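The chain below stands alone and is given in structure tokens; this is the form predicted on its own.
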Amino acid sequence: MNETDSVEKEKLFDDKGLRLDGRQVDELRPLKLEVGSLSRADGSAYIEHGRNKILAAVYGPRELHPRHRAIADRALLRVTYRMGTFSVGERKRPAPSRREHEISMVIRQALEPMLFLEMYPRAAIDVFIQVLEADGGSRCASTTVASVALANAGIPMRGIVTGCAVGKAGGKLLVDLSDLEDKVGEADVPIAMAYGRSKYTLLQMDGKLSKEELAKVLEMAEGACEVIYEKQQKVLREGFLQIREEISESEEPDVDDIEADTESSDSD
């Protein structure tokens, strides 16, 4: 081990071998998911993954403008990923960056295989993702929350897409890289998958890993995605149950109306 590796390990791990935020190498950061965060959107969701705070909103299916962009046999999925000027330590320029355009495309490509876009020819489905605070793995967290927002909007899906960033830092293979681990680490592997279908919809790699390390990293990623997927399922189930309760309550006849009808019948 050379001197550079020693310095990096000192930055990334404490005396007990734990990561600086107290996690084990295969442990996820705290995760919070909510659905229905925006009342004016057709579907929406909010995620806090570590210090990442990301909001996703879905509009559609709806008529596509301009119409010449319409696709005859399926809907056009449009994804817009934006980072707030206040989302990172150094103020970001408000204009969309090349990186934001790239991540928008990556998330769209990760979501498309799981959507029944052929059910809505010549229509558009718009997904807007706003990063309120970024802390590493924002493209994966954005994919996770966008998938939940699409399900919340009632868009037919083959499966929920789950994202997680894995990689190598300080000589160790790690799950759910933080911003620091991503910046100083040896490799970063963002993935997205339809958990339960063993289908990867996103697989990128920045850095170098051996074949054995890559196989191990993907195995660790699948375990992490299982945990995230269970939370996605739980929050969606709770959201649908809440909607069903609200519908049931609105359909129940008002007691005062029943009494008034009864009195009217008696008097007749």
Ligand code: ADP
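Just so it is clear, the model here is predicted, and its values are computed rather than measured. Numbers follow the displayed sequence, beginning with 1.
Below: the form predicted together with the ligand, not depicted.
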**OP:** Select, from the options 167-175, 151-159, 113-121, 127-135, the stretch whose residues sit within 4.5 angstroms of the ligand in the predicted complex by heavy atom distance.
**Re:** 127-135
**OP:** Run the contact test on 88, 103 and 183 with a 4.5 Å heavy atom cut-off to the ligand in the predicted complex and return yes or no.
**Re:** yes
Original post:
So in the predicted complex, does residue 83 come within 4.5 Å of the ligand, heavy atom to heavy atom?
Top reply: yes
Original post:
Taking heavy atoms and a 4.5 Å cut-off, does residue 92 contact the ligand in the predicted complex?
Top reply: yes
Original post:
Looking in the predicted complex, any heavy atom of residue 99 within 4.5 Å of the ligand?
Top reply: yes
